[in-house]
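A lone chain, given as structure tokens: the form predicted on its own.
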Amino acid sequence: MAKAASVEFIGVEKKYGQVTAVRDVSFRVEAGTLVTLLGPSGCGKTTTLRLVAGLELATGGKIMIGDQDVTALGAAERDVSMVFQSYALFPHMSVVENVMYGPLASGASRKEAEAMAREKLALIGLSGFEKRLPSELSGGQQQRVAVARAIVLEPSVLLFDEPLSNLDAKLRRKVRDDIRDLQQRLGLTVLYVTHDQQEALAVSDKVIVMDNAVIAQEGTPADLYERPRTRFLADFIGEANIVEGRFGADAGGVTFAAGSTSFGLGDIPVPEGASAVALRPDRIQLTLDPAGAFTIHRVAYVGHAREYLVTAPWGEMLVIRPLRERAIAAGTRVSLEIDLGAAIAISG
């Protein structure tokens, strides 16, 4: 494979008339890593990916691939390949012909192009499928053909735009693992776009969360899940109960008061201006307590766990408990125990 290259955005902006799709965005993707752009629809993540590919040109800032300034270069002048959401396979061409297309268009002989295509198809486990048409493949196999076509010219950067959105849940898990395995085996630089939080956490070395055309926060998957800085991040990355209240302190550390109830949170960091706490629903324990301030409102069995909707003095909150624990019936009064360190003080 060609040597993987880093990608760097320095104050990049993209406008469409009066609409700003990307505003003053700066980040770095280290060579040989997989970085995910994550965010809700319309946040600017796909525009950012297209700016890397050269399918859109920046209206401000600088884009570097390796040590080359590519800001003003078109797609054909950048050593970048992209796997599209729709796969964009040619339906009338066989698998090997689809993968050969890039080398042929770049001037390789038919013999050379076929050898390159077969090598990459073997790499992703599709030897023996060369003569099939895309319509004769499963969704996961079509996705892998698209990947083979993207890496056959050995690009320095590989881009994925929502690559799993057309697959069912079980296949998404397998294909995302295949992509991660391929990236690590070949040392590829990958920039990956998704709106699926679990997918982003599972495959990434680093996640960049975008919101309203800017970067809301970036970090490792653990950083973003365990230490979100804002209400948006806490609610977007995984599930969270956002509870408004007041922070205080006592001999045991940080305290938090909400409604008529207060509880200790241990020694958690509290940013300036914090006015709420995020409580992960799987880090809260329920204890039967006839004098408790909480009531089980609804119980749902969801296969791997039970979800409890609990009425609290400040409103309703979700609690998720494993099936190995004895079920608690709706209408039961309980007390809550929050794992120390599981509460996150947030602002914004």
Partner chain sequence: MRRRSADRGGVELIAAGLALVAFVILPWSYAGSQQSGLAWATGGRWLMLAPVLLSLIAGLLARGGPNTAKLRIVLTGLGLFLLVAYAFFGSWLDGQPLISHGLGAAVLAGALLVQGTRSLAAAGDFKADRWVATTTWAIVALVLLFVFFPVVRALASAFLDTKGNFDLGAFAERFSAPEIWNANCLVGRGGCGVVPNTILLGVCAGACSTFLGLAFALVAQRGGLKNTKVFDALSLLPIITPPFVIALALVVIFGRTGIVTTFLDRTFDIPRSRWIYGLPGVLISQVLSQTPLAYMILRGALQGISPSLEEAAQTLRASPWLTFRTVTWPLLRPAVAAAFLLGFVESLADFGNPLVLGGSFEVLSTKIYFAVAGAQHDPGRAASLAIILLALTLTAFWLQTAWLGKKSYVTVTGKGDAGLPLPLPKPLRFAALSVVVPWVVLTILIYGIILVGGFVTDIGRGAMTPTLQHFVTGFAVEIDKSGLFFSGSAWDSFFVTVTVAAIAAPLTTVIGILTAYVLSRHNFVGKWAFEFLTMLSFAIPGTVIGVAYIIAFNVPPVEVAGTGLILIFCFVFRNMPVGVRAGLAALSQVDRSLDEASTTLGARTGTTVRRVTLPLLKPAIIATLVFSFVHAMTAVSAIIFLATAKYNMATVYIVNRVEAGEYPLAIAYSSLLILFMLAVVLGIQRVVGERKIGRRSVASPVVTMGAH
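What you are looking at is a predicted structure, and each value in this text was computed from that prediction instead of being measured. Positions refer to the first chain, counted from 1. Under this definition, the rigid core comprises the largest set of C-alpha atoms superposing within 1.5 Å between the forms.
As for the form predicted in complex with its partner chain, it is not shown, yet the points below apply to it.
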Partner-facing stretch of 316-324, 290-298, 303-311, 55-63, counted where any non-hydrogen atom is within 4.5 angstroms of its partner chain in the predicted bound form: 55-63
Listed residue (Ser86, Gln184, Ser275, Ser127) with a non-hydrogen atom within 4.5 angstroms of its partner chain in the predicted bound form: Ser86
Of Asp161, Asp205, Glu199, Glu114, the one that lies within 4.5 Å of its partner chain in the predicted bound form (heavy atoms): Asp161
Candidate spot Val7, Gln68 and Leu73, all three touching its partner chain in the predicted bound form (heavy atom, 4.5 Å): no
Its partner chain contact at Asn212 in the predicted bound form, heavy atom, 4.5 Å: no
Distance check, Gly102 to its partner chain in the predicted bound form, heavy atom within 4.5 Å: yes
4.5 Å heavy atom contact, Pro91 to its partner chain in the predicted bound form: yes
Touches its partner chain in the predicted bound form: Arg78 (any heavy atom, 4.5 Å): yes
Neighbours of its partner chain in the predicted bound form among 151-181 [non-hydrogen atom within 4.5 angstroms]: Leu153, Pro155, Asp161, Ser165, Asn166
Large Cα shift (2 Å or above) at Asp267 between the shown form and the other one, core-fitted: no
Rigid core superposed: Gly139 CA moves 2 Å or more between the shown form and the other one: yes
Displaced residue check between the shown form and the other one: Asp168, CA, 2 Å or over, core reference: yes
